[in-house]
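Provided below as structure tokens are two forms of one protein chain, presented individually as structure 1 and structure 2.
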Structure 1
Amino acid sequence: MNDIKLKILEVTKRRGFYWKSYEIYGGLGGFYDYGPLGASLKDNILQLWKDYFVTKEGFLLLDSPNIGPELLYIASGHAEKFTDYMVKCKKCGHVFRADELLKGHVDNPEKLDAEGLWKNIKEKGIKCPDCGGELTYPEKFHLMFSTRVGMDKNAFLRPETAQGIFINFPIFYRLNREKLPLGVAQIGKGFRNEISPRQGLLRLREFNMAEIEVFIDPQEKFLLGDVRNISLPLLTREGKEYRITVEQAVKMGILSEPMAYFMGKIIIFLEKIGIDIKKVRFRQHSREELAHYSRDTWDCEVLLSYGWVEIIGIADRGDYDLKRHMEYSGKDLRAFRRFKSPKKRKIKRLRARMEILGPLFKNDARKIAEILENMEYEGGNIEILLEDRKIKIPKNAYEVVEIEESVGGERFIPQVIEPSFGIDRILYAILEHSYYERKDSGYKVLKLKPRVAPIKAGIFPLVSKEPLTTKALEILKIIRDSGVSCYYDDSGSIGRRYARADEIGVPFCVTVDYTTEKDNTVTIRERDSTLQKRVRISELPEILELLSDEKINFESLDENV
């Protein structure tokens, strides 16, 4: 059964779902092309994602560029922290991620630093997996792709779509009429210069993501709504396993409301797109495993032939990102919380003295003044962050004034919960969980859900003869015009044609036979049951549309002739 990888590889390549990019030039590791069926499968997954996570939630969509300026990624922390340790074989020159080589030898090798990795490589006698050669001392390797904009501006390809959302928070907050929670979603590419990607669609250097940043006022209750009773399979960082509802997980203090809410939604979504929910779990990151921006992260993992694989991450990013971008840009990215009734309070504010700041900081003086005058003074020396630099402000460069304000509310930095979906991995997981072979014939089948399936219907004449072929082509045109994706096939036996449809997951096949001429009916065959029902041609377009949209199911379809 573990050769399911190879079987899926064979079908997907032969039928044009996806394949390694640039093969005529010897390939380029970590890049894949989606062909017609794969692109359509991906589109369908994303459409369902958008309907369920964006439209239904009333969230807003952003589409921001792949290329971003260096300063953005200094602010986000990626320029400093987004690295892996790499080792090189002294003999064949191949490179590897140090922690990957230690998997199975030590627990959580991703936690180790260079010294720790090196110690274990020596102790466990790890050699080059390709030629058995000696490995070099682990070196830090930066995972962002860098480029240059214009003549000389350093820039990176985004490692996540999230940063585009954070820096636009004020715009979206305004578009949302200054209400929280506010969800902003983005579908697009992410880029990571993986050291040695070798797992097909599971580890790509250029990949498809769908991310949501949900901005929350921590003082407001987050409602669990209709997912409260969804059952969650949890594995905590202490190694405890639970299968409890969303509501219970919150009550037991294992999950915050928003984390639990999105996990519930994820379970519903995965089931909708055809993932086997019995092979899903949420695993909490250990503290060492957490990304630099995260306070808590749970990976949604699915069981595949590769083992448990992360397909979605749900991270509690706290106020990390907005805070950093405020510091580095000097802009205010806060939300506003209205008090129930206005409050009076004394606060200390700063008045910048430009006659001191000006000569001292020249071009930066105005920016610094702006930052100072937006601060609330809490005593002591003042050090501010301007772009990448920490700047000490001398005492004589400002005055402290105490004022009493009557305030209707206060500004605060929202907390952020981020559900982040790896679309290529989800697509692959769907394929593995959909694949089976018929007990009788051994024929391959992908039991893709109708809404996910790239092609909804095959239209076949029973035999390739007139008048059946002409009639089938007429029906093809009617179905196509109604917007249901379908194709015509008259080559080989009808059994062979059903088999070809099955292996790319076509859920319904329509066959024109000799009865068709007499009473204007055709058969619809359902892929998994292989049952056939006879329906009127006049009703076929509507029936296929309802079946494809999963508004009716095949079992409940009346034969109506």
Structure 2
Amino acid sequence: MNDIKLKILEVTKRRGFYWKSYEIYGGLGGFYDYGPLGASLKDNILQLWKDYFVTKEGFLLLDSPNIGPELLYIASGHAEKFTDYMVKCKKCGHVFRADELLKGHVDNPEKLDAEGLWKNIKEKGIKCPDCGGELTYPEKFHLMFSTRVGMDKNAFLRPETAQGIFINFPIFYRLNREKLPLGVAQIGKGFRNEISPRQGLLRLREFNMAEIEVFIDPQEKFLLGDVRNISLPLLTREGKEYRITVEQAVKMGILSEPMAYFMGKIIIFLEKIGIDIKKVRFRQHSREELAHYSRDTWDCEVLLSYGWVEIIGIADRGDYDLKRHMEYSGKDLRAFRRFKSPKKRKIKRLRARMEILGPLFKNDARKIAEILENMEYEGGNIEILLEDRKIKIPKNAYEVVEIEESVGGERFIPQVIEPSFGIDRILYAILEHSYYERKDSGYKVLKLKPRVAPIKAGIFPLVSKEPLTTKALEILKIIRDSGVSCYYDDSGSIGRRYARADEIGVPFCVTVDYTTEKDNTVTIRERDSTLQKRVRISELPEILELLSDEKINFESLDENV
């Protein structure tokens, strides 16, 4: 573990950002508690995310359960395919994710199968990181947590929030007045039984996600809007690097309009919350690396002390999810595309033969006939869902007739673009990118953006004596009542108090001194420049609110002396 990791770990635990869960019982790998500062920082990030990606985009919000029935995840493909390869040390018994051991030795080890992983482990001489022992042949390990609902229902903790959105598409489509594109966002927990989580907030078994599913009609143009000139750093699966605009990426055929649009939005958002954009890139997945549901995926990666780390994924999921849930549930999850003018078309309909259906299905025959005659025949064998039962219909139980009809539109399965944000990783990236030490004093500083900083202001009496302490506490109440998060500190020298505030990212400090009694003014110190300006107490709440929301900057602040 290098120096920056140790320093971040020391500051975050000591000052109450986050720490390992269940420490009095020895801890539990892959679980962390957020303390007062970490919880506030996370909430601020999520609020900015909602403002930018939900409110401004006009998207809809969902809050669905963490636990889903087994059939949901059989339909989504996760029950079968949500796995990683693990290896075990023959000497100490510790287990590891195989591709993680090959990082730095092989490009994109995530795309390798068991044989490819094993070949590289042998060729590169990879041993157990803990004891140097020999490793076993890679084997698949299922990543979902299974559970039971009641006495007899198998279920899983969700590995992503997306499936709750997909199965509710008909409701959202109606709420959106049956118009596309339709964006639905969800913030919540995800759960993955990671093989060997050893990277702090970067690899958790319970983690915070913010996901968007955007349902689009592929026949309609997706507008690039105000992001067309945003510069994108791209690394394609072929290894080609580009720094081009959103519009250029679309024209060159590297990205589709919706994928490029959200990449542009992501760049703007990351800069707003304090990520160093010079250390950001979008890396395209190799074809072997693609998830089972994805047609194309790009990871938004940031450069950290750990190397390039994915913090956001942008996936083109096509119609995979809606199609699978239609197949397994028997429900119609399609949208309707209206034609500019009605079209004549020939379609094949089914005519039920009751003389066959009746003896075969008895009391269910009439219901089955009604389902058949409402279907459009697309060839092949017919299987229908009746009250959670799948029923195969023999070919002699219906006739296929061709008719011509005038139609005003057609039903289709929307395509889906998914930007998925790992909030814990984003939070850690903000901490690393904002950390520095002052050259003159060596004091630690978190250069957090005022909008994400957990505490916006510190209220300090110049010395811990009356009447300064009483006046400072009065100002503390005024500022808190105005809705700006702040705290009081009168311990030690004013310089040490400034240093403590800098270490936790407090952007502004208000100092009450002996001049305050004379003219009802205080000084505001700005963290990054350490400059101070004097303002009236009566204007302080509004000033701090505007500074905290970044609606004004400190340099433009007029002094009132």
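Each form is matched to the other, and the largest set of C-alpha atoms that superpose within 1.5 Å is called the rigid core. By convention here, residues take numbers in order along the sequence of structure 1, the first being 1. Owing to the predicted nature of the structure, the values given are computational and were not obtained by experimental measurement.
Check: Given that just one of these two is the form predicted on its own, which number is it?
Finding: The form predicted on its own is shown as structure 2.
Margin query: If I superpose the two forms on their rigid core, does the C-alpha of residue 108 end up displaced by 2 Å or more between the two structures?
Written below: Yes, because once the rigid core is superposed, the C-alpha of residue 108 moves 2 Å or more between the two structures.
Margin query: Taking 2 Å as the cut-off, check whether the CA of residue 233 shifts that much or more between the two structures after a rigid core fit.
Written below: Residue 233 C-alpha, core-superposed: shift of less than 2 Å.
Note to self: Given a superposition on the rigid core, I'd like a yes or no on whether residue 136 shifts its C-alpha by 2 Å or more between the two structures.
What the structure shows: Passes the 2 Å threshold, so yes.
Check: Once the two forms are fitted on their rigid core, how many angstrom does the CA of residue 352 move between the two structures?
Finding: So the C-alpha of this residue moves 4.2 Å.
Next item on the list: Could the core-superposed CA displacement of residue 117 between the two structures be given in angstrom, to one decimal?
Entry: Residue shift at the C-alpha: 2.9 Å.
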